[in-house]
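One chain comes next, on its own, written out as C-alpha cells in the form predicted on its own.
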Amino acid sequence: MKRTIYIFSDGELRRKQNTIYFEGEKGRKYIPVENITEIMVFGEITINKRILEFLSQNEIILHFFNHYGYYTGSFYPREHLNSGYMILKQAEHYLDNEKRLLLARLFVWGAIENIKKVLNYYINRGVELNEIKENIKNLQETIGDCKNVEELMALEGNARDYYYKGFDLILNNPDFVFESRTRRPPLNRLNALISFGNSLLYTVILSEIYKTHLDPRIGFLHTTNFRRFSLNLDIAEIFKPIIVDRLIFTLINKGMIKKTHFEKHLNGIVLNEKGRLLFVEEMDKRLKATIKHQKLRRNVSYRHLIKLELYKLEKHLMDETCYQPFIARW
C-alpha cells in the first residue's frame, strides 16, 4: 500500500533527478516517490515548478493546511484517468432530479446507518443513548418523503444535531463538551477535533477519487457550483461516523489527547502542533487498519473501503449495479 507523507516542519521540498527530498532544520530527507500517494503539508514550505511537474508525472497530490490546521487547498495534478464518458454520466445523474435525489438519499441513509452503529456500540456499553437513537431513526424513516436535496440536507443536519448531543454522554469529560456545532472557528476543543478530522477525511477521499474515473467537482448531495470539489463531501458523509468520530472518542476516552494539545486562535480554539501531529498519526493508523470485508471475504483497510465505495458509485452511474452505501457491521 502506498503511504501518505505528512510534513509539519518548515523547509524546502525539492526535486533531485528522479526523486524528491525535504530539507529543513533537521537536514535533508529523501522521499521515495514510488511509495507515496499524497503529501499533506502543515509546515511552511517552498516549492518550485520543477517539483510540481515531477509530482504531476508521478500522480502525487499535494494538500496544504495553514498554521492552524485549516485546509487551504490542493495541488491536484492533471487527471491521468480522464474519462469523458464518466463525466457525462455524472452530469446526467446530477441534472436528472430523480437520479440525483436517489443518490443523495442513499448517501444520507448510509450516513445515518453508520451513526446508529456508533450509537449502538456505546448503548451496548451502558451509555443511555436510546432516546437519541430513536429520534434519529424516526428522521431516517422520512428520507423517502424528502422531495428535493435541500430537504434531505436539512434532515441530515437534524439527525446530526441529535447525534452530537450524544457526544457528551459518550465522553462524559468536562474538558471536552460539545455544546453546539461551531466552525470557522470552532469555539471549543471538541468542535476543533471534529473540524480537523473532517478536513483530513475530505482530503483523503479527494486523493482516492483521483485514482478513479470520477470527477470530484460533481457531487449529488452537495450542490455542484463554483466550489471546486463536492463529490468528496458526499462520500465523507458515509465515513465520518466510523472513521473520524470513533477516532475522536478513542483519543479522548484513552486520555491520549489533552487540554494542552489546544491553543486559542482569534475567537476560537484549534489544535496546536503537537495536537495536530498526534491526531494525524492516529488517523493514519486508523486508515491503515483492516477489517474483514463480508463480500470480498478478505481483510481490507479503511482507506481501501473508500476506494471500493467510489467503484460502486461508478457502477451505479454506468447503470450496472445500484449503489449501496457501506454500512459498518459493528
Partner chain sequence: MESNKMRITGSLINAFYICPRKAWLLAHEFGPDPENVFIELGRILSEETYRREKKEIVLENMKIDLIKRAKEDVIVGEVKKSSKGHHAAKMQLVFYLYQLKQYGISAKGELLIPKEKKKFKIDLTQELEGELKQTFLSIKKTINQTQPPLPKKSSFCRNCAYKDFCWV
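Predicted model only: the values in this text are computed from it and were never measured. Numbering follows the first chain given and starts at 1.
Here the subject shifts to the form predicted in complex with its partner chain, a form of this protein not shown in this document.
- Of the candidate stretches 83-91, 130-138, 145-153, 101-109, only 83-91 has residues whose heavy atoms lie within 4.5 Å of its partner chain in the predicted bound form.
- This chain lacks the partner; the member of 34, 44, 281, 53 within 4.5 angstroms of its partner chain in the predicted bound form by a non-hydrogen atom is 34.
- The partner is absent here; in the predicted bound form, the one residue of 265, 293, 288, 29 having a heavy atom within 4.5 Å of its partner chain is 293.
- Taking the partner from the other structure, its partner chain in the predicted bound form has a heavy atom within 4.5 Å of a heavy atom of residue 311.
- Taking the partner from the other structure, its partner chain in the predicted bound form has a heavy atom within 4.5 Å of a heavy atom of residue 320.
- Although the partner is absent here, residue 315 lies within 4.5 Å of its partner chain in the predicted bound form, judged by heavy atoms.
- Contact between residue 49 and its partner chain in the predicted bound form is not found at the 4.5 Å heavy atom cutoff.
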